[in-house]
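The chain below stands alone, shown as structure tokens; this is the form predicted on its own.
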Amino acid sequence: MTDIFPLLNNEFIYFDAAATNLKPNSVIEAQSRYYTDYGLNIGRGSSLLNYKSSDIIENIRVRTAEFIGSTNPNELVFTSNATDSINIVAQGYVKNRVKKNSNIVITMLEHHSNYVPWINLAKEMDIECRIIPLDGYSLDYSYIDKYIDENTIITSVTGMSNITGEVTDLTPFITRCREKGSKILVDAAQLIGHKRVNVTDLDIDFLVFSAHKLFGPFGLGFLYGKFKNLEEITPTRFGGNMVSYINNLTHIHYREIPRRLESGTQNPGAIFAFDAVLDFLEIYKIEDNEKKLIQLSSYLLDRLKSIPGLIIYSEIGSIISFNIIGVHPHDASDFFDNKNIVVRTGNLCASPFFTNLEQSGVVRVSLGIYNNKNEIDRLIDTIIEIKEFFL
């Protein structure tokens, strides 16, 4: 894998795919190639190179929309990341629909990106934000029918927990939203790299994800929305690129969706590189990758369960969190670091999950397609060493 993922040449073991997936050479080279072969700002200028650059970017919009099951490329907005996408929906769509008894529904499995924007909006508009609790370490689905009602403007749920790796069963959420008239937003930041998502088949109103968690570059996110929903979003940022023309000095005519929501200069190098991500995923198919990751995670879980004195928060999946009883996660992290093993520790930007636990955080191992059993064995050996050192 070192010939595909150059960062692995640093001879460390990388177990933090949930934070960001490593980038293949093809993606890195594509981003560089944009600046060497094209380099101009898209949507500006009338040179042949300007037009060519813009056409390439629009073709990638088409291809990305198809990747998530949309037949209309105008349903895909380029943003800076998944958090940016959620804020656009919160401030530009939901805020306009708030009434006296309105509420928003989220879950306790959310990371802060899909938690803070909704809590903030609820406080700003003085409405209720209902948080579906946990049953153990998993969502308590019995609250769906209790919490989503005719006053729910939007239900915003993660597709896959960045703590436990739990894949959310979206069907009962979507069914209830359709019954009660709530819109549904799916935060696919983690899910998109593990499962094929088809927004049309699932009847999803909004879906968000970031390129960097799918082997892509930083600084690029996506907001999918049904076209009618996107048309009803009030822009939350204003400036160039989004304007068709201005007359009488103050009468602004905005461009059509999706460009109305893409104010300012976009990130064409990152978008160009995402085309290489889609090429990569045609070779290394998500379904095949996930099958490998499930096999690896099953091996990891079995080995973790063989070690006494661990609390394991995950059942199955390529994201597994645990604690070593009596050892602070940050102390464990330092030990792993000295062994050139990269794991994630702390509250994982998902502190609501920990409100029910008497823990300040966890150790998280999130597997990528570049990991193998030998690396897991080194992780297990290191856990045993940590126990011997601290306990």
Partner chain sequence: MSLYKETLMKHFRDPQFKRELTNYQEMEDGVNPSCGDNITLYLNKNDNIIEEISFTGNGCAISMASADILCSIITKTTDPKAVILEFIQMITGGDITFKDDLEVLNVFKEMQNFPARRSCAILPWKTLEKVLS
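Numbering follows the first chain given and starts at 1. Everything quoted here is computed from the prediction, not taken from an experiment.
Not pictured, yet referred to below: the form predicted together with its partner chain.
I'd like to check something about residue 29: if you look in the predicted complex, is any of its heavy atoms closer than or equal to 4.5 Å to a heavy atom of its partner chain?
Although its partner chain is absent here, residue 29 would stay clear of it in the predicted complex, with no heavy atoms inside 4.5 Å.
Just checking whether residue 360 would be counted as a contact of its partner chain in the predicted complex - the rule being heavy atoms within 4.5 angstroms.
Flag for residue 360 set to yes.
Counting only non-hydrogen atoms and a 4.5 angstroms cut-off, does residue 54 reach its partner chain in the predicted complex?
Because no heavy atom of residue 54 falls inside 4.5 Å of its partner chain in the predicted complex, the answer is no.
Taking its partner chain as it sits in the predicted complex, is residue 66 in contact with it (heavy atom to heavy atom, 4.5 Å or less)?
Result no; residue 66 lies far from its partner chain in the predicted complex.
To test your reading of this chain, name the stretch in 33 to 41, 344 to 352, 66 to 74, 46 to 54 whose heavy atoms come within 4.5 Å of its partner chain in the predicted complex.
Checking each option against the 4.5 Å cut-off leaves 344 to 352.
Any chance all of 227, 229 and 232 sit within 4.5 Å of its partner chain in the predicted complex, going by non-hydrogen atoms?
So, no: the whole triplet misses its partner chain.
Contact set, 296 to 333 vs its partner chain in the predicted complex - heavy atom within 4.5 angstroms:
The stretch 296 to 333, when checked against its partner chain in the predicted complex, contributes 328, 330, 331 at the 4.5 Å heavy-atom cut-off.
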